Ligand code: THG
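What follows is a single chain, given as structure tokens, in the form predicted on its own.
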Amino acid sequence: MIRNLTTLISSATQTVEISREQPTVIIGERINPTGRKNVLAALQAGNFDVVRQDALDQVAAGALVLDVNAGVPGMDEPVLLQKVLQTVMDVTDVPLCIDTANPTALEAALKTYQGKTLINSTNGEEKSLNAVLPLAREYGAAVIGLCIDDNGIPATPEARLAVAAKIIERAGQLGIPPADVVIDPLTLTLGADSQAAQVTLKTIELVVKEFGVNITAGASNVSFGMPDRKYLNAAFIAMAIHAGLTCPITNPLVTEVKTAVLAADLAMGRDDYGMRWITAYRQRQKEG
């Protein structure tokens, strides 16, 4: 039987343990100019106040890791990403997930970061594997591997499993252990394909059974283009945790999503005596 693996990531002062034996780790998604006009406008103007507040708000809401993206069209991403990363490190000491598709920006950020980061991301494309995995090895980082390859997004869970296997194998050839590879099975919108969530959930189950690695997902993608997104996101994330999801990239400020994570952890036996659930309930009562 495959053993559930533990991924450790850290800041200069904190270490976060990601494992199916532990409560779900929420990776806060909000420090990202894509689809957030206020973040985009602020970064274009050289204003980092929104980034600071997003970092503080997400940690206060329960995010144990923060995803940091600085992909602003027309700007020098290596320089900007370093500035955004440093801004977040100045106001919080939770571990960070460096989110960029630019290898030059990634290396600049890795040089700036203090601790063991999680790289978001590589995938099964040869260009991506060759660019990202050597940097992960050099800087001792963990890395997210997306189930996409040079042929595109696989349609079936079995084909996505094959991509995950390729990423884990290639990482291993460079000395990166499976525990430091977090697989993203890809979450596509139900608005375009009513079977999209089912394919993702089945992929999670297959990858966990085969490799025991940790699983992330851009969980809110499942509801893109649909009404009442928060309810779809909450239902999906709870089902995904049951399937083996351990560290979703999501918005901890959405009460329905955060509550679904807590409920799933309680139901999975990861909340002794329901203390985290009760504490969160009391906090909601106090705020409401």
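The first residue of the sequence shown is number 1, and the count goes up from there. Note that the structure is predicted; figures quoted are calculated from it, not measured.
Heads up, the form predicted in complex with this ligand isn't pictured, but that's what we're talking about next.
The closest non-hydrogen atom of I249 lies within 4.5 Å of this ligand in the predicted bound form. Within this chain, F48 is remote from the site of this ligand in the predicted bound form, having no heavy atom within 4.5 Å. A residue is said to contact a partner when one of its heavy atoms sits within 4.5 Å of a partner heavy atom; L146 meets this definition for this ligand in the predicted bound form.
Remark: H242 does not count among the residues lining this ligand in the predicted bound form, judged by a heavy atom distance of 4.5 Å or less. The candidate stretches are 195-203, 88-96, 213-221, 160-168, and the one lying within 4.5 Å of this ligand in the predicted bound form by heavy atoms is 213-221. Contacts between 18-45 and this ligand, taken as any heavy atom within 4.5 Å in the predicted bound form, involve E29, R30, N32, G35, R36.
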